[in-house]
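Below you will find one chain, with nothing else, as structure tokens; this is the form predicted alone, and questions on how it binds or moves follow later.
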Amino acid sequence: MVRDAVAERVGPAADRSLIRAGERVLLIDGKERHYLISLRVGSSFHTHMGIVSHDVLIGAREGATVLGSTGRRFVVVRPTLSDIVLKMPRGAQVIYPKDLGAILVAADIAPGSRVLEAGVGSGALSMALLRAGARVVGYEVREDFAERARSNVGASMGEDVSYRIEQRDVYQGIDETGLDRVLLDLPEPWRALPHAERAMRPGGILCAYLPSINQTTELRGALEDSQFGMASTFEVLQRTWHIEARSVRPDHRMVGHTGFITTARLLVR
């Protein structure tokens, strides 16, 4: 049974399911279309399916169904990191959610990890790293990308996170030392290897994300001539399934190749 948002305004102030002003929420209509909005008292969200007052959403419980001005129904939930990455303002191409999770595991990102991220783009990987508890320094040559990443990270994570972006070229050097991890989303990551060797602690993990196999082959060749070893390369293919009553089959469309992920460890030689 559908309950309106007013009926959902119950529970103590500490109830984490209650949606508050200033939060970002995801509205999902009857056709599974997703709308990411920031809630402000007195504001409204306008869509061709009707107008939804922010005041109806503020104080509702996450997962409630609300009615628009035309009687159309919308489910309201807090966005996941995947939702934010796919819908946030972007300049550079983002790393897709299916690859973000794989990078976190392959690079063994853990709370307290000191990470250099070179090529921050729109901040998608930065947000994943910060949510995993890492302390992140970003190098980005383009000022507009750096500002976009700062804005996206601030909107999603707040200002109380260990995150700093410097507008500089990692190919020219790395000032940080004793880094646990170096993540490279750059066209020519092999040019950063000598700097990464000096900036990382022994046993640290380097991870590079590249769109083409030619670039990846170039990187793997450079790794063989470096202090890095234990190199590995893989990609992630994501296929969803259609499951409805007795109709069970793979979906006709899938998220195929997006990028190659290569990791290697700094060895003592």
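As the structure is a prediction and not an experimental result, all values here were calculated from the model. In case it trips you up, residue 1 is the first one in the sequence shown, and so on.
Note that the form predicted together with a small molecule isn't included here; everything after this is about it.
This chain appears without its partner; in the predicted complex, the one residue of 131, 87, 78, 168 with a heavy atom within 4.5 Å of the small molecule is 168.
For the residues 193, 137, 104, 186, the 4.5 Å heavy atom test against the small molecule in the predicted complex is passed only by 186. Contact with the small molecule in the predicted complex holds for all three of 120, 142 and 145, each having a heavy atom within 4.5 Å. Although the partner is absent here, residue 174 sits far enough away that none of its heavy atoms falls within 4.5 Å of the small molecule in the predicted complex.
Residue contact with the small molecule in the predicted complex: residue 124 places a heavy atom within 4.5 Å of it.
Although the partner is absent here, residue 94 sits close enough that one of its heavy atoms falls within 4.5 Å of the small molecule in the predicted complex. Residues of just one listed stretch (67-75, 112-120, 154-162, 193-201) have heavy atoms within 4.5 Å of the small molecule in the predicted complex: 112-120.
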